[in-house]
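In the block that follows, a single chain appears as structure tokens, in the form predicted alone.
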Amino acid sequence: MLARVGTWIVGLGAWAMVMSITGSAQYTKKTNVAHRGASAYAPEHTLAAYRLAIEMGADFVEQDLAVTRDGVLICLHDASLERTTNVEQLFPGRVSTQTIEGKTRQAWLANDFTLAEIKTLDAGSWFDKKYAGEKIPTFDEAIALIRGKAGIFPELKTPEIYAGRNVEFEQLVAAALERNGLRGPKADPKTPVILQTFGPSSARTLAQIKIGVPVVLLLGNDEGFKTAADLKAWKGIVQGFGPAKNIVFRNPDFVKWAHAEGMTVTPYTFRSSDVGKTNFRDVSEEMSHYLYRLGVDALFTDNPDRFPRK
């Protein structure tokens, strides 16, 4: 059945994100977001990981977005290519010194490579040799695979890296959604979209350009988000928050404050590899605590098959 709030339908089925005419947003059930795809089982941000996430029942599949030198959106978590590809072997002379997320280091920045060059890279072998030859997908390729089977949850990753590079990140994302019929009141109801960003300025830009889909502001810490008034100040700019899970664990009122303003809470990241670092027996128990005790609306997990549904 169609999920409708106000007059704007942006989702289909019990799991969809819906946005009201006042700009508030909500999920219609506890929602399973596959973090970088089914990244506990397949190389992150490959079509293999996205395909497996859908098979495992993910409601949404996450894509981190980067921009190539020739202006194409690709799915890549890091601003640079060396962690998850063989770029060092194929392009040894293309390294440069970059400051990324406050750290200066040697890197093969994705924005310094064309799409054609990036498509020569092996994005699977680092994870397991059986995935040798997997490629970094474009955002359009990810949409084509996921369309009609799940929602998409793209992140505008490290927008600050494009300062002075003549890249209009938010406009590129808007154009991609428009091209694929995924934004605004006529958007494909079978493929709902939620955008996310750590960048306050990027979130404000998305609001200014009337992006036409819900936006979630990611939080690495609670600085500036320690009171109900702090959260309320973002109403009308974003439709929800994506806090690091410890923010919610330490302060369960965060969820109450967001919900009081009609805003959602989608914490990150829940993964089986963290068992032993938490007070929970396994990742399913941890997710259950956040979903059904703390009351979050959705969560990001590397293990979409372990999502606890009631």
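Just so it is clear, the model here is predicted, and its values are computed rather than measured. In this text, residue numbers run from 1 along the sequence as written.
Keep in mind the form predicted in complex with SN-glycerol-3-phosphate (G3P) is missing from the figure; the text below concerns it.
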Looking at N251, S272, T278, T269, which is the one with a non-hydrogen atom within 4.5 Å of SN-glycerol-3-phosphate (G3P) in the predicted bound form?
T269
Of the options S80, T84, Q239, Q196, which one has a non-hydrogen atom that comes within 4.5 Å of SN-glycerol-3-phosphate (G3P) in the predicted bound form?
Q196
Location of SN-glycerol-3-phosphate (G3P) contact in the predicted bound form, chosen stretch of 256-264, 280-288, 62-70, 49-57 [non-hydrogen atom, 4.5 Å]
62-70
Mark K135 yes when one of its heavy atoms lies within 4.5 Å of a heavy atom of SN-glycerol-3-phosphate (G3P) in the predicted bound form, and no otherwise.
no
Look up in the predicted bound form whether L218 has a non-hydrogen atom within 4.5 angstroms of SN-glycerol-3-phosphate (G3P), and give yes or no.
yes
With the partner left out of view, is R183 within 4.5 angstroms of SN-glycerol-3-phosphate (G3P) in the predicted bound form by any non-hydrogen atom?
no
For the stretch 156-180, I need every residue with any heavy atom inside 4.5 Å of SN-glycerol-3-phosphate (G3P) in the predicted bound form, listed N to C.
K157
